[in-house]
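Before any questions on how it binds or moves, here is one chain, the form predicted alone, in structure tokens.
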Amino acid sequence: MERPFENRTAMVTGAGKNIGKAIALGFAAGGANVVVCDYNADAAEQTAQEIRALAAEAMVAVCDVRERDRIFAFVAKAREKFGGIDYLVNNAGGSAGLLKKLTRFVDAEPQTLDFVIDVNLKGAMHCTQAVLPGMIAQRYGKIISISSIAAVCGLDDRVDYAAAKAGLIGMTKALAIEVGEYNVCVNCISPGAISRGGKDHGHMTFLGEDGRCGKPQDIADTALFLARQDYITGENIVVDGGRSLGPGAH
């Protein structure tokens, strides 16, 4: 069985379920040690158990990506345990819907704006700054952030979310320029509608044809592809089944 990530270590945020879990398990199946980051301790431990069942090592890091000091502490612990971090996937995020506060932008509360920006953008910045010195020192690393087609096409009631996810794309491109000389590749993935928890968001119609929602594995496959590449950097890859091409005939 091919194990392209043997003797490497991946850190995946939001790895307790859905896209993050699929990515974490994909790294483990490829032979990597995995740092399982999630604010939900039970979900993180469940993912870690499944990783160990794949004959890979797992370290659980229960934290909120907004907690900068805690993130840096877990990265330091991971370096001690595994010797370094080779792959970072900034997957943790979410809209104001997590707070049940989806609104038109004109009505958005400042606290909600702070939450959305901090979880989706600043959290990724914290994690990236935590792993980057080690990647630069070892002259190897892959940083993959999960954005959204909301950043590409916009999405009503989620102006703050779209802005934060667009920030990830800008961060990706600028950082790729800075760290390319150290053999560190930085890329972004923008998913469309993805099924979660066994339920999807319904049927889509685009380009005159019916389309399905994507699955977490569709995004995981893209992330793992990027993790194996050394000549792709500064890119935002849209994985949405063509949804962003525009509405088709109904």
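Quick caveat: nothing in here was measured; it's all calculated off a predicted structure. So that there is no doubt, residue numbering starts at 1 and follows the sequence shown.
Note that the form predicted together with a small molecule isn't included here; everything after this is about it.
Q: Within 4.5 angstroms, counting heavy atoms, which one of the listed stretches 106 to 114, 74 to 82, 176 to 184, 141 to 149 is next to the small molecule in the predicted complex?
A: The contacting stretch is 141 to 149.
Q: Heavy atom within 4.5 Å of the small molecule in the predicted complex: which of C63, A56, L224, V60 fits that? Just give me the one.
A: Selected residue: C63.
Q: Counting only heavy atoms and a 4.5 Å cut-off, does the small molecule in the predicted complex sit next to every one of G26, C188 and G241?
A: No.
Q: Heavy atom to heavy atom, is Q49 within 4.5 Å of the small molecule in the predicted complex?
A: No.
Q: So, in the predicted complex, is V119 in contact with the small molecule at a 4.5 angstroms heavy atom limit?
A: Yes, V119 sits close enough to the small molecule in the predicted complex that at least one of its heavy atoms falls within 4.5 Å.
Q: With a cut-off of 4.5 Å between heavy atoms, is A92 one of the residues that contacts the small molecule in the predicted complex?
A: Looking in the predicted complex, residue contacts with the small molecule include A92, since a heavy atom lies within 4.5 Å.
Q: Would Y87 show up as a contact with the small molecule in the predicted complex if we use heavy atoms at 4.5 Å?
A: So Y87 does not count as contacting the small molecule.
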